[in-house]
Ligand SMILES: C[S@@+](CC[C@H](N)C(=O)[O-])C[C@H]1O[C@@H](n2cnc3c(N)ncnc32)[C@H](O)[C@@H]1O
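Before any questions on binding or motion, here is one chain by itself as structure tokens, the form predicted on its own.
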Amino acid sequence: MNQDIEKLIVQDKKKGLSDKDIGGKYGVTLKAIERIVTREFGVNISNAANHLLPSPKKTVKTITPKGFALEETTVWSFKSRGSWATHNGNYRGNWSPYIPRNVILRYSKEHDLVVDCFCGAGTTGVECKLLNRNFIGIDINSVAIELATENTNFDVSGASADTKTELRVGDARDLGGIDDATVDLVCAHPPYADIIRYTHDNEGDLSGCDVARFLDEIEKVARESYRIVKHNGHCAILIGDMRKNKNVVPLGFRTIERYLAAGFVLKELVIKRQHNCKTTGFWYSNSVKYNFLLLAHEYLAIFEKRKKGARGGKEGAVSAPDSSNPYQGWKLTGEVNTLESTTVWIFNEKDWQRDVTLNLTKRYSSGHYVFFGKDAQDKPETELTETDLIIAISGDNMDELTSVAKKTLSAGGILAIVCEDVRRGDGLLVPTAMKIEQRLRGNNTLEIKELIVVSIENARKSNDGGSIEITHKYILIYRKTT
């Protein structure tokens, strides 16, 4: 890019001009603007004008979100990002404060120690200060720590005087300043590989890693988190998927695997809905035209550190899901008015099976489709010779299912696997969709195309304070390549 244009972009950012306006003015992409801003200011921020202002102690008018209540199901949706205390969206990619607030309240007590090793601009630290937790925030970017210092520099009426906030530059892969088994909760939002770059030239920054290297490095982070967390303590991370060559890259599941490999067990797997995905006009038309879905979900994984021997069986292992099939009486009735265009499909409890089937057949089939599953009923009158869509009802009998898919799917045909997570008797979670994706990873015939979350409206809410009610299901979409 022309250096003169870059200088003009920096000047406009300092004036407070939006990225949209700058992009239109100079014909540059958001990615290019972010790169210039990160290099110039040392941090990826949306409003450089505010960053240049002096930062005295913050004046806080509201310290709690209006009408706040703990989330009770596995689908969390916050239409408003949250602007109480000093929270703001200036730091690119920071998470909604509703997320750490829920995690901190559910998995820690007042005066506990909470660590965020991807501190960013300090969202978790602000919530810890508001909720009377001790906090250590670490980030590899010194400018991010400066922002976090500004955002946590406020007084809270009634806050305990003996809770402390400590912020420092450091590497999440080496938390040597924190002793073993001394932390009650790790609450962190790592980068999603190289989707958003948070520093300009810091080689240690994980946001500069491609997927393969990111996963290797995040496992080091996971092992350090496991080391510092107390027995029966928790670790929570928010991670999302990516898209490459028109196919989804299940970065979320593969990151969760690395934390399980580090020794954690999985307590909860929450779906966090995104509300910045436009589903009308240009994006909707392109979703249909090019047959892809806009990524609209992230995973909030809650891990637990249990004493060795408390799990039973092999270290880090989980039991198989219940083989009973909850999907019975699948039918194809009615017409779909509008195709779903994001990776989160929201249906009511009564009609979700019908609506899933209608969307799958409308998007992926010309009429030659079949159901697969021991409880599948009302199959279309189609012989299993060649078909363009198989809807697999649950992920049981994977060997038979993949064999049938290879034999009967036409080239480019779709295998859609509907499944759900399962709660074990000891309260831990069996991540069924993740295990299916593991099983089919590297398959030479079937490549993953989409990972869809079905959110069930009006579902039951848990009365069990220890577990969250599972109110979502998955659809794994695989395409036959040969």
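What you are looking at is a predicted structure, and each value in this text was computed from that prediction instead of being measured. Numbering starts at 1 and follows the sequence shown.
FYI, the form predicted in complex with the named molecule isn't displayed, but the following is about it.
Novice: Could you check which residue among Ala392, Ala172, Leu409, Ile99 gets a heavy atom within 4.5 Å of the named molecule in the predicted bound form?
Specialist: Selected option: Ala172.
Novice: Taking 4.5 Å between heavy atoms as the contact cutoff, choose which of Tyr364, Trp84, Tyr91, Tyr369 touches the named molecule in the predicted bound form.
Specialist: Spelling it out, the residue with a heavy atom inside the cut-off is Tyr91.
Novice: Given that the partner is absent here, state which listed stretch (349-357, 133-141, 247-255, 264-272) has heavy atoms within 4.5 Å of the named molecule in the predicted bound form.
Specialist: This holds for exactly one stretch, 133-141.
Novice: Between the named molecule and Thr432, Glu437 and Ile470, in the predicted bound form, does every residue show a non-hydrogen atom at 4.5 Å or closer?
Specialist: Zero of three within 4.5 Å in the predicted bound form.
Novice: Can you tell me if Val114 lies within 4.5 angstroms of the named molecule in the predicted bound form, counting non-hydrogen atoms only?
Specialist: Judged by the heavy-atom cut-off of 4.5 Å, Val114 is well away from the named molecule in the predicted bound form.
Novice: Using the partner position in the predicted bound form, report whether Leu206 sits within 4.5 Å of the named molecule, counting heavy atoms only.
Specialist: Yes.
Novice: Check whether Gly120 has any heavy atom within 4.5 Å of a heavy atom of the named molecule in the predicted bound form, and answer yes or no.
Specialist: Contact check for Gly120: yes, within 4.5 Å of the named molecule in the predicted bound form.
Novice: Counting only non-hydrogen atoms and a 4.5 angstroms cut-off, does Phe78 reach the named molecule in the predicted bound form?
Specialist: No, Phe78 is distant from the partner.
Novice: Using a 4.5 Å heavy atom cutoff, which residues in 215-243 contact the named molecule in the predicted bound form? It's fine if the answer is none.
Specialist: Stretch hits: zero.
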